[in-house]
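Before any questions on binding or motion, here is one chain by itself as structure tokens, the form predicted alone.
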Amino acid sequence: MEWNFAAVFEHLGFLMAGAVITVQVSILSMIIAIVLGLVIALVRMAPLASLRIVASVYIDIFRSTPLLAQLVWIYFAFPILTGIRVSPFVACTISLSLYASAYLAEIYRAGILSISSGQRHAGLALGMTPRQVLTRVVLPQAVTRMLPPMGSQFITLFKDSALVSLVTLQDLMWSAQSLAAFTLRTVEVLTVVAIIYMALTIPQAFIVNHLHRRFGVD
């Protein structure tokens, strides 16, 4: 086999357009998952057992089923059941957000529970409401412990986003598959795509490693 990257580099702009979609869907999904994950974590720790059960079921469903199955279900099955059709971008964003929020919920819960209960009791003894104790005492300390695993989760989500090409979203992997079929240079195309993914994820890995050194808890 002779390597020939000329055809790939001629259409590099096509791949980069797909990379832009990958970055957009990953960042938007992570932002939604950060907010939703916090809500699920707080519900998971609610005093009412019924609320805790609902949150636990949510977490178990999205953590115990493959992301690909969730993508296919939301994009194909959801419109059949409800009659509501969504674009590939919206379907993929919803799928990635729900999937990541389940993991982030457990990260939030672990971070919050890692703070000594004595600090909560001290805040309540000073006259703070439970909400004030959470927002002013617990969360500011817990955030530093949650940042490293949250960063790792974002990298995982970014790489998992390659699956969205299977529901016709024109991301980087979809662009790669199309270009490989057009140029008949599959190995070269996938090699370049792997380099693009590395160029996008390695800086994220450096940031996560820094967060682990800066805020990691032994």
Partner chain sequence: MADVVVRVEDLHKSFDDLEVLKGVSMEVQRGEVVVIIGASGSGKSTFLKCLNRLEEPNRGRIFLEDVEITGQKTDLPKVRRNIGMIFQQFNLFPHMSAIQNVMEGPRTVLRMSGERAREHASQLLDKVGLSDKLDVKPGQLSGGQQQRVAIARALAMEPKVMLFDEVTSALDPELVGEVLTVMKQLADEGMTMLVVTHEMQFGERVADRVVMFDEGVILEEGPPEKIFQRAESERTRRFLNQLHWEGE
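Residue numbers count along the first chain shown, from 1. No experiment lies behind these values; they were computed from the predicted model shown.
Omitted from view is the form predicted together with its partner chain, to which the following refers.
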Does any heavy atom of Q141 come within 4.5 Å of a heavy atom of its partner chain in the predicted bound form?
-> yes
Even though its partner chain is not shown here, does S114 get within 4.5 Å of it in the predicted bound form, heavy atoms only?
-> no
Indicate whether its partner chain has at least one heavy atom within 4.5 Å of a heavy atom of G123 in the predicted bound form.
-> yes
Please run the contact check for M128 against its partner chain in the predicted bound form: heavy atoms, 4.5 angstroms, yes or no?
-> yes
Could you spot which one of A110, V72, V137, V86 gets a heavy atom to within 4.5 Å of its partner chain in the predicted bound form?
-> V137
If we take heavy atoms and a 4.5 Å cut-off, which stretch out of 115-123, 87-95, 72-80, 100-108 is in contact with its partner chain in the predicted bound form?
-> 115-123
